[in-house]
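First, one chain by itself: the form predicted alone, in structure tokens.
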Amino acid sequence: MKIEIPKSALLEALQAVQNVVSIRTTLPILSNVLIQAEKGRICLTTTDLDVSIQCRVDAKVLKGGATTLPARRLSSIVRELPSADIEIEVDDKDTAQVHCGSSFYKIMGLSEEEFPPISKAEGKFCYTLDQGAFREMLRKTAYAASTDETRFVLNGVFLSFKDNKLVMVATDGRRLALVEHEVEFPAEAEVDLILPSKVAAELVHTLGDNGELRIFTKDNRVMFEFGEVVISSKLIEGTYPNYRQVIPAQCEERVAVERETLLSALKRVSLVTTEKATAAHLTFGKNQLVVSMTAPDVGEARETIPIKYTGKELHVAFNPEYMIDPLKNLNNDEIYVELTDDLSPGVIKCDIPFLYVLMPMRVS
């Protein structure tokens, strides 16, 4: 195999695929990137057996072939090379010689035959969305997924393609984030699936602001194809809990609050958080919201926010980090906080199909 490729193109492709490469693995081949060269382009592939990423890029193929090279080492080398064309030549023993300007490297690789087989981007049905829209849906929900491995079905984002819309949900049992988006597909293509959090994070990192995203499902796998990138992943098996049950049917009070103002206040008061004091107190009074925290060993913090509110005084305590998460991932100027009392779930909404349910903290 022998190729020539601009540094910028090779580096961008390596950065697109290297995130799933494990630093510590019992299988050396999983630390490598598969490089396949044919007909004026190369295909780079990495996998950890659960998730795989492929990226195609144009290159001058002087001799076709394939090999695998250490992904992170190759990426580090390419990053430091001068901005010029890079020549990579690989012999029959999978040893690569890398030339760029006055720089030269020899890198020991492994045979392509050792690399695990990769699923193709295909399936019985294909769902088509805008890349930016799907990435925003993940940003607005994925942070709420559980990290508790004993509840494995909650360790991901639930995607439900039904009634010509995609409903995306994540919950850890203490909070729930939900967002909806209209998508056209045939009735027989309705499906529910649970996407692992690792893949959700990779998609947020890799998806663009616009352009088409195609989603395929086959057996227990899902594939995302966009631009020159294909991400394939196993799905989480199991039945997702009935999330509709935890969404309050109605709340007694609905208060409009400036999102940035509330976000800044929560960030400031949470500076006095300790292991023993993790509750932010929200007191809704006449035309003002007081956000406060008290930590016996540290002190206290208080912020007062002007609001339009003339209802009954409400006092509720929430984990400040759990309130900060949705606020920093929304773009709306104004959000609505819906409350009933200090023991009932609070709900955050805005003028898009999004809602966030948060269980209050019980404090003495």
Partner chain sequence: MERTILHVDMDAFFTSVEQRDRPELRGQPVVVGAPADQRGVVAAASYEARQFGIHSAMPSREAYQRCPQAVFLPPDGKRYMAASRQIRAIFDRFTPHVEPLSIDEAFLDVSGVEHLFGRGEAIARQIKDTIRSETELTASAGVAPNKFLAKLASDMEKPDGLTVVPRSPEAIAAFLAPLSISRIWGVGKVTRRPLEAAGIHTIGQLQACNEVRLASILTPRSARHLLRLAWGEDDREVETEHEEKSISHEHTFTHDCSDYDEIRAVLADLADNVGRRLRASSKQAGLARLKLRWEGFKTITRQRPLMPAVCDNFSLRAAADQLLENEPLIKPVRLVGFGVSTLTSGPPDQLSLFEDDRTLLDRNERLSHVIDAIQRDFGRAGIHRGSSRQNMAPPEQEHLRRPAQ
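Positions refer to the first chain, counted from 1. On a predicted model such as this, the values are computed, not experimentally measured, just so you know.
If you look for the form predicted in complex with its partner chain, you will not find it shown, but the lines that follow are about it.
With the partner left out here, check for me: in the model of the complex, does some heavy atom of residue 242 sit within 4.5 Å of its partner chain? Residue-level check for residue 242: yes, a contact with its partner chain.
At 4.5 Å between heavy atoms, is residue 176 in contact with its partner chain in the model of the complex? Within the cut-off, so yes.
Residue-level contact is defined here as any heavy atom of the residue lying within 4.5 Å of its partner chain in the model of the complex; does residue 151 satisfy this criterion? Residue-level check for residue 151: yes, a contact with its partner chain.
Looking in the model of the complex, any heavy atom of residue 217 within 4.5 Å of its partner chain? Contact with its partner chain, no.
Just to be sure I understand the contacts: of 209, 92, 80, 275, which is the one whose heavy atoms reach within 4.5 angstroms of its partner chain in the model of the complex? By the 4.5 Å heavy-atom cutoff, the listed residue in contact is 275.
Among 319, 52, 329, 31, which has any heavy atom within 4.5 Å of its partner chain in the model of the complex? By the 4.5 Å criterion, the partner-contacting residue is 319.
If we take heavy atoms and a 4.5 Å cut-off, which stretch out of 141-149, 222-230, 194-202, 71-79 is in contact with its partner chain in the model of the complex? Looking at the partner contacts, the answer comes out as 141-149.
Would you mind checking 30-58 for residues with a heavy atom within 4.5 Å of its partner chain in the model of the complex? Nothing in the stretch sits within 4.5 Å of the partner.
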